[in-house]
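This document starts with one chain, in the form predicted alone, laid out as structure tokens.
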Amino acid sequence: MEAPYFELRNVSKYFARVVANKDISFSIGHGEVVALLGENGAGKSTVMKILYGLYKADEGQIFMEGKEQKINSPKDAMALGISMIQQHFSLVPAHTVTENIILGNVHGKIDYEACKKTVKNLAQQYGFDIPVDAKVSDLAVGVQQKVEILKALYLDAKLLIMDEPTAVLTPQESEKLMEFVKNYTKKGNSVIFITHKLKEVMEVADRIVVMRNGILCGNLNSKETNEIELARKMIGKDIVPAERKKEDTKQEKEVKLKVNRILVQKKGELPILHDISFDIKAGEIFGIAGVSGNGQDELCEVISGARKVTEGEILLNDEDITKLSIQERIEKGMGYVPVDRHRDAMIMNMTLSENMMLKTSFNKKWKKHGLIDKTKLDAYTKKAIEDYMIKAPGPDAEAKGLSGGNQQKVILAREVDNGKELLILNQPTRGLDLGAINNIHTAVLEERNKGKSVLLVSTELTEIFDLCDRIAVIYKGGFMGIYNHDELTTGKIGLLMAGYVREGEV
């Protein structure tokens, strides 16, 4: 039997007392696509960083075509034809495409025109339409990813490791990436695809390696499995998806939030947001879809009070709140889950109880004889832990000791309670695993059914379609249109996210 192209045997990695990987063994053949599937913290990226030389394995061996290899650095990996495209791009924004691709790979006097020609030919060979002279900072995120891929191809990589490659792409860009993977492997090259998206796995992978809690719990042929079995292996139990009930369109509902012609612009610069108008009714989830960086974060900050508007007005229950402070908006019943939980939503060294009262510390309900009523606060936190199934020892546990999914549940529990009228959710499930995502979706739909208004910002189209009653598509700080749930398809929303609009439509 022919030896596999690359093989990992009994690879283990420990960080202090944490077991990141334990006895991981799998192989990849020439021309094969292997998907590495698992929840956050399952150990997927760690084992691939070992293969790429970023980490050194504490135990185990790596073989290439039957011969053991010592990979102590990315330089060693590249010499063997391995390249890794990481989740966060490693491009220099001020440099051109060509400069980024040749950076560190050419020495002495550089014939820039010859390098440019090589890069151009390489791009054409794989069907990439990339302006080789353009600065990376001027390129869309989907094009930047192609530049990352070209960097690997320039080094003549035969095994490409791709870490969550579709996280920032539109549906059309994701499809083109899948086409590239198929064409690349047809030439005898191999791809390891790290992801938690089951649909992509089923579409592109020949084999699927499933990891859970640092161990390997499945090595399956994609033709002999399905999404339900994969989800069960990833999580260890069946998932009951959250179900969105259709709205009763006969019943006219009151408008809770009204946003009129919002403009946010710094002096002498292009607008960050322009002409944004929409409303959200009671018991409605209003979704905003778009590629990251098109003004979603700024819009959430404007509504929550963290950013001032240049023009326009915001009304909550017919009251103008445009000039109110963050604290005053919280008192009016506004809850806000920001995109970066570590920076904007939690203090990691504080206990869960302290984090739960962070935004309402001014409220009299926590005071007893001029001091914090710890008994009441701990009871409140304990109830949140039970209601949201947060894996934590108790109210006195420090936030930094929880997993990302459980930290997010703490924030959601707090903001659901704060948001008696309006709940703003900016990418509430980003970076979370299937089980945590399903719990959060269920909680959001429950709040909608109680009559709350919900503003949901997400780059995940499945999340938008699963939860939202109406959907706005944002592109470069403006809305491409507002649509009812049934008016959009994945193809149409993808085009709108990329800035394309059909005649007669806005």
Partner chain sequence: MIVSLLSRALMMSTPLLYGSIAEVIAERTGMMVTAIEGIFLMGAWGGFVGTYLTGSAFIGILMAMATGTMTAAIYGIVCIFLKQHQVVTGTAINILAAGFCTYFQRVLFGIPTSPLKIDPLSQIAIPVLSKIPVIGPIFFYQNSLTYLVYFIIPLSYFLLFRTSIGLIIRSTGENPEAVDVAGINVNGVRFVVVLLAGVMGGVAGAFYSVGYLGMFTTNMIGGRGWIAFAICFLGNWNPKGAVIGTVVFGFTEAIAIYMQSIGGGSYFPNELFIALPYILTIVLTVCRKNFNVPAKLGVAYSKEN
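Positions refer to the first chain, counted from 1. These figures come from a predicted structure and were not determined experimentally.
Keep in mind the form predicted in complex with the partner chain is missing from the figure; the text below concerns it.
Each of 55, 89 and 110 is positioned with at least one heavy atom within 4.5 Å of the partner chain in the predicted bound form. Screening 132, 139, 255, 78 for any heavy atom within 4.5 Å of the partner chain in the predicted bound form leaves a single hit, 78. Screening 95, 382, 332, 274 for any heavy atom within 4.5 Å of the partner chain in the predicted bound form leaves a single hit, 95. Residues within 4.5 angstroms of the partner chain in the predicted bound form, judged by any non-hydrogen atom, belong to 47-55 and to none of the other stretches in 443-451, 464-472, 30-38, 47-55.
Among residues of the shown chain, residue 74 is one whose heavy atoms approach the partner chain to within 4.5 Å in the predicted bound form. At a distance threshold of 4.5 angstroms between non-hydrogen atoms, residue 102 is in contact with the partner chain in the predicted bound form. When the partner chain is considered in the predicted bound form, residue 106 lines it closely, a heavy atom lying within 4.5 Å.
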